[in-house]
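Here you get one chain, nothing else, as structure tokens; it is the form predicted alone.
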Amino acid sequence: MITALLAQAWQAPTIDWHAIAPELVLVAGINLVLFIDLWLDESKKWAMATLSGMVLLGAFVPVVTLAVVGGDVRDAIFDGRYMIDEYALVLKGLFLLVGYVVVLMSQTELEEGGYYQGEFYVLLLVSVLGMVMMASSRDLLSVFVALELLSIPAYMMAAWRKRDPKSNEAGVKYYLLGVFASGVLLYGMSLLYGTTGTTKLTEIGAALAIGDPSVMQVLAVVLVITGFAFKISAVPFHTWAPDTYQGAPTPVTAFLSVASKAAGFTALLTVLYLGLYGATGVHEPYIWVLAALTMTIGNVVALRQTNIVRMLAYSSVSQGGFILMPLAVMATDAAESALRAVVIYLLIYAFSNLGAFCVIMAVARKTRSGEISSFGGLMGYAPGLGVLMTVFLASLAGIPPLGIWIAKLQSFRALIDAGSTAAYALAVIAAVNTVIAAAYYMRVLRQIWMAPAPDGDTSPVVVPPPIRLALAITAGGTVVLGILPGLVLRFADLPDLTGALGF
């Protein structure tokens, strides 16, 4: 009898190894890159970028096969605490593709700057692994572990230019505020566990749906959302973002502004829709205020910036407000359209923002400046880059038919579907902020199209092949998803979370 009980207690869980193939490929790839780097001669370190890119593409293959060939994918692991479904696969594909583009952006900068290459790519792959795990996490513990797994390598990558005081400052600020945010988040999670008796999100959601939440549960919800607000740089928890984005190496800045932000929103989405849905009276007004402040303050401060990386940092803050906007009405009949709007926004925003940073890297190789004025006359001596930057900034501004216009349209549609006074008020605030955002994007375009080249230097810009490939991927995604929005709308049909809520 005792033997039978022990055998049952130690019985290994049933795992579909094909379903977690992306994670397995990344784990194997991380160890492979680390091992080869130990024995590779310094003159051949460039191969680490190629190998890391192959690992990310290798992990992307099972994502595609599961999403396209696998049909109706839904696999629960560890009693539903780790899910492989359409929602997870869409976001995993996003993280892997962003990681690959960042590898392309990093290759030339690391080689020319004399930075450690093998260690950088190992940290990048580990961070992407955390993001991939985040997409499938359905438990407070797995969400927190995935969040720390993606954040800790990012702290180190932000300070990768160790001889640059600004990079050191970027890393320290990101680390200190990131650790503080993790503490706030973990305290909120502990209160949720203490008041519900479980860490599984669906069970927490069922417990909160019974009657009005207690004072302790209200505090838990506020703390959890505040912890995530730090991660997505929502106002007033955004103070780390501008200095970190400006001081970090440009590829790392692009990675943080796209992949890290998307991972934070993924965690917030999952926790809100599965765990905190029963406490809508607490988190809806809180998110409404966060969205309004984030898009407004981010845009207003961006107007005053003269450095283009710092401008895009505040632009990223304001875009986070637009992404938060539909979540302020998720308790209404617009819950499904709100979820779809956020995922669509994350998918399209990634292409446009990464592409803008690619152009900045290419131009900065010639001008050695990050000032907006350094883009003067770009159409005269590098028309290709000028057109691409125009496409990316026009997309970020929400101008049809480029990329983000369909994402913003979906966000406004979610507010209109809600039909409440608060939703209409937030839509008005968002419309005003859309106009404000266009002002500082157009300021950069005025330099590109109308201003003369700084110091009359019209020598051509040499764009390395990896950056060219990154530009091709990002420009293709921005244009195609803007002209054919049905592609991303189809992939954003997410039966998992909406099904869990009975939609």
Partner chain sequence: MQTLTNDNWLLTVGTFLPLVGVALMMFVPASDERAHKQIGIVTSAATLAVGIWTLLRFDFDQSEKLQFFVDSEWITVIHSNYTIGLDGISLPLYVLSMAVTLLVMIYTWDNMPDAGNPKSFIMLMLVLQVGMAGSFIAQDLILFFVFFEVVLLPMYFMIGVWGGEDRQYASLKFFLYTMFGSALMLVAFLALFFQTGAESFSFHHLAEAGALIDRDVQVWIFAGMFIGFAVKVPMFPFHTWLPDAHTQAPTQGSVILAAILLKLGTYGFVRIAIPMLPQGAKAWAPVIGILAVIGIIYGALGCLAQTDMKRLIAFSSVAHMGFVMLGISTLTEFGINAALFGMVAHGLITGMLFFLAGSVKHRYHTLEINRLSGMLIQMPRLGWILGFAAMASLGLPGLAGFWGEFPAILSAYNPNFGLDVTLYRTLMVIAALGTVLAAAYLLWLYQRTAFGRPNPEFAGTHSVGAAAADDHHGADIHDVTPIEWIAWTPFLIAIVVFGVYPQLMFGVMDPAVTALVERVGAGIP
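Positions refer to the first chain, counted from 1. As the structure is a computational prediction, the values presented were derived from the model and not from experiment.
There is another form of the same protein, the form predicted in complex with its partner chain; it is not shown, and what comes next is about it.
Taken together, the three residues Ile210, Leu223 and Trp240 lack any non-hydrogen atom within 4.5 angstroms of its partner chain in the predicted bound form. Only one of 445-453, 463-471, 60-68, 36-44 lies within 4.5 Å of its partner chain in the predicted bound form by heavy atoms, and it is 445-453. Proximity of Val126 to its partner chain in the predicted bound form: non-hydrogen atoms within 4.5 Å are absent; the residue sits far from the partner. Contact annotation: Ile30 falls outside 4.5 Å of its partner chain in the predicted bound form, judged by heavy atom distances. Contact between Trp405 and its partner chain in the predicted bound form is found at the 4.5 Å heavy atom cutoff. Its partner chain is not drawn, but in the predicted bound form it has no heavy atom within 4.5 Å of Glu284. Just one of Gln410, Ser315, Ser352, Thr253 comes within 4.5 Å of its partner chain in the predicted bound form, counting any heavy atom, and that one is Gln410. Contact annotation: of the candidates Ala394, Met131, Ile84, Ala248, the single residue with a non-hydrogen atom within 4.5 angstroms of its partner chain in the predicted bound form is Ala394.
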